[in-house]
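Following this are structure 1 and structure 2, which are two forms of one protein chain, each written alone as structure tokens.
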Structure 1
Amino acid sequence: MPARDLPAPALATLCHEPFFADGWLYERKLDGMRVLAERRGTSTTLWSRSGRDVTESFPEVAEAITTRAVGEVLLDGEVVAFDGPHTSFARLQPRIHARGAAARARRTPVFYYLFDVLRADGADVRDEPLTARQRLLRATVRTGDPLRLTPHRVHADATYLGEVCARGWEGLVAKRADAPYGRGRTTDWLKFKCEAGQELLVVGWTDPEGSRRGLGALLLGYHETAGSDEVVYAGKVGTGFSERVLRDLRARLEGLARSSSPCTRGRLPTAGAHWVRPELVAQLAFTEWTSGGQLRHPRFLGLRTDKDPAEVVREG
């Protein structure tokens, strides 16, 4: 069922230079799925970020909103699953995709972390400042699992962000305390992400598509141990290049081409791969290693000329 009159959720802007200032509130960044909950009459509909009805995926959340919220409301929050102390998108994924009976059969527990309200008592409250909306939110919903309020702190600093990352959190979201609810992407909400980084071997490339020039993605790998002949495939990176860098990389890789993969382990891409001798070292930033041993949300930062390819091993 298509969403009608559904406001778009406010989206935070990624910020690579964290700052801490008065007038901002800081929340834990949760690694789950963005969900708007719309309570009308005596039922609740859950909406995904793109306006898809996802009530069937999280029926217990919808039921909890129906019984624990009051009036006609539109709430904003993140549905998460836990792996130990950490929110885990991988754990949540089966719940996202499975519908109806299949969803009920796989009862991975989920929680709905509420952090905002767009409509309360039938009225649009998006132009109220954040702090006022937070009060409205607390007055509108009785928490209790699976409903939880997203805690925030008024003061934070770089040390706190460091602690948060050491704890394995995904990062922080900074929100301007006096800002109205954003229409789509907004700089009133900023994401400070905990990122991992490391050097990896370039083991190949894929062809560009559409208007892209040079190459589509770099294929990456690392040595099982330093100096070892064993090369483990580590996935691809397809973003972070300027057009000029794309063309330069392609030219250099042509000169290193070989007919077969240098990788001895890992699940390799099935089609469209060109392989090279593993002599170039790339610097990468990414959020985490997936359970399949590949990079999640990778971006290319540049080539390293000061690093011996033989020494490239997995760090995390």
Structure 2
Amino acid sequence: MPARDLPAPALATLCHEPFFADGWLYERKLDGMRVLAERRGTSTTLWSRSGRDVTESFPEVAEAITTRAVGEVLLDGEVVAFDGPHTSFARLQPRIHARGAAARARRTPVFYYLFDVLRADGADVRDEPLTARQRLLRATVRTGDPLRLTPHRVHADATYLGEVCARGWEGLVAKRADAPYGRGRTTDWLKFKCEAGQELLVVGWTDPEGSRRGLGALLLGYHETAGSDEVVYAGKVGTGFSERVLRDLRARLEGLARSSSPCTRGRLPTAGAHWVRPELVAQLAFTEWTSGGQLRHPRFLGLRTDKDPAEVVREG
């Protein structure tokens, strides 16, 4: 079946206020690559979330589906690689870009964590409730590395989320137990992310796009060491702002404008950036630092007036 005919994978909605209630299942959030596995006849094709054929990147996964799944099926899951006990997108990246023999030659093992089925024995089962689809999944696929079922909890609480975050996991995905498989982005699946905190310097802003007003994103940085003149660029944040905050920030930033970046290190944006004197301190929530030294999934929480900008350094 051509990629354009594939159903769009269901996408979870980010939820900033985690909750725990009856009628929901809670899964570990994995840091990998979303993959739909389509078994037809005697072969399996792996599709990325965007509809790209990635079978040659993960041939051992495709072969396992072919030999261990029953009938014509369309499965949903996440291909991951591990760095110690944690799933790591950075470790997975070399496999994503490898093909065929090169992928097999990589010494990074991958695993396919299955969590849903869209088609079983040739029939569309997306309108079945999640619990029924999970029973079908267990009956359809015989697991064993590299195929694994994604475990879930029926009963969870804030203490469990705290334990998840303390273990270095990305967070949880909450799924409504009686819901059908979503068509695209759905509130029947919700993401609860583990977030770290960091204070960073505001070093600039980008222009707004579309209907947005004020600014598009804040550009961020930190001092190499407390009190030093070395400022390291740390990326940008474009979420967490109200309309009023966007307007107020733009007015304050224009009063701090300068012609060049205050950053002495880091890969700066090449277009659309406006630079300021690093005198404002922003409080951010984020999931982790990337290998390139920037925040992953940052969210603006507010400005700190009780923090000396000269003392802002990278934490942890």
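Computed from a prediction, not measured in an experiment: that's the story for all the values here. Residue positions are counted from 1 along structure 1's sequence.
- As for origin, structure 1 is the form predicted in complex with the DNA and structure 2 is not.
- Note on conformational change between structures 1 and 2: two rigid parts, with the smaller rotated by 17° relative to the larger (from C-alpha fits).
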